[in-house]
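Here's a solo chain for you in structure tokens, the form predicted alone.
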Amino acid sequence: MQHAIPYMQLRGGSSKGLYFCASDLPTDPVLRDKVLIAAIGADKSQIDGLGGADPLTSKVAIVGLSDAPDADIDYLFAQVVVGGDRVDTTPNCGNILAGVAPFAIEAGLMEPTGDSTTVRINMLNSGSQCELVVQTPNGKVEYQGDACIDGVPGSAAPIACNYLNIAGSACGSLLPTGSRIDIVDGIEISCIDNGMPVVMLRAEDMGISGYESPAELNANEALKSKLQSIRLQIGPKMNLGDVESAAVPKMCMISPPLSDGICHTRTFIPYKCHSAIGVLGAVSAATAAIIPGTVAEGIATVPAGPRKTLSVEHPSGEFSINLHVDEQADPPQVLKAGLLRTARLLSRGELYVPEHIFITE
């Protein structure tokens, strides 16, 4: 016997995931996570689920109407850990977030309001908010357009994402350890949480150039061991507790830009090198660059003025972020982070999980 659950699959930004209405999933978190593991797949190949055996394609959005007075939609992100037989709801995901507004409209949770529709999202993982502006001509979500983002082939309709009040969303403060520089295993690091907990390191301090391919870095066992040692030691100091089995903090190694960016990056999430960079990871990286005294100082060149457009380079291209900054604060505070994403509905219908999952006795 199998249990049918309505779902949609969307590409959100440079990720892909399953989207569910919260009302279609169990309210008990333990049972809910069992269902999500069955839906995505438990083993490393995820052959018995709809996941793609990659962290970028093993993601879930749980969406429902919000009771918050300043939000329309509640969004809970869940990462089904590849081969880990578990679900992590600690981090957020800005790529999957880009698909939340289209999903909410497609699922009938929201009505289009004209040629464009603004959806105010309450991000349950972090308790912060984001405004999404999606194109809705003729009362339907428009997926075709001319907007291009690196890491995704072709072009699509733009989705504007404006993040509000995301500093310290997971760790409680912008600088979770209270310092701009920490030293772990003799390596200088900067810990930042502006929407995503990130540990910033200089690539040269880790014995690499920072321009290697993700495949080359994934094969570098000595590097991964160093990164993991630093990560396990700094996690508790970032108010994240034991992070051995968690998806955060992300480890971001930076080097001088190759083109017009502020820096070049290689990010591990947490044990595998990302083929690009996550949305909120890029926001945290850009935030580190505007704070004097972090490891980015001397690498990143940041334009003056309270409104800045910063390009973060990554293996697949670059990620441009618009920051509205209070430069009088110490450290400088990001008042709003705006960026461009795209999304596309890939499939919808019912997926099936074994009925025995729902048997608790």
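Note that this is a predicted model, so its numbers are computed, not measured. Numbers for residues come from their place in the sequence shown, where the first is 1.
Although it is not shown, the form predicted in complex with a small molecule is what the next lines describe.
Q: Can you check 176 to 184, 94 to 102, 145 to 153, 204 to 212 and let me know which stretch has heavy atoms within 4.5 Å of the small molecule in the predicted complex?
A: Going by heavy atoms within 4.5 Å, the stretch is 94 to 102.
Q: Please run the contact check for V279 against the small molecule in the predicted complex: heavy atoms, 4.5 angstroms, yes or no?
A: Yes.
Q: Do C191 and the small molecule share at least one heavy atom pair within 4.5 Å in the predicted complex?
A: Judged by the heavy-atom cut-off of 4.5 Å, C191 is well away from the small molecule in the predicted complex.
Q: Considering only heavy atoms, tell me if L50 and the small molecule come within 4.5 Å of each other in the predicted complex.
A: Looking in the predicted complex, residue contacts with the small molecule do not include L50, since no heavy atom lies within 4.5 Å.
Q: Taking the small molecule as it sits in the predicted complex, is V325 near enough to touch it, meaning that at least one heavy atom pair lies within 4.5 angstroms?
A: No - in the predicted complex, heavy atoms of V325 and the small molecule never come within 4.5 Å of each other.
Q: Can you pick the one in M196, C130, C252, C263 that has a heavy atom within 4.5 Å of the small molecule in the predicted complex?
A: Of the candidates M196, C130, C252, C263, M196 is the one lying within 4.5 Å of the small molecule in the predicted complex.
Q: By the heavy atom within 4.5 Å rule, which residue out of I321, V302, L56, A38 makes contact with the small molecule in the predicted complex?
A: None of the other options qualify; the answer is L56.
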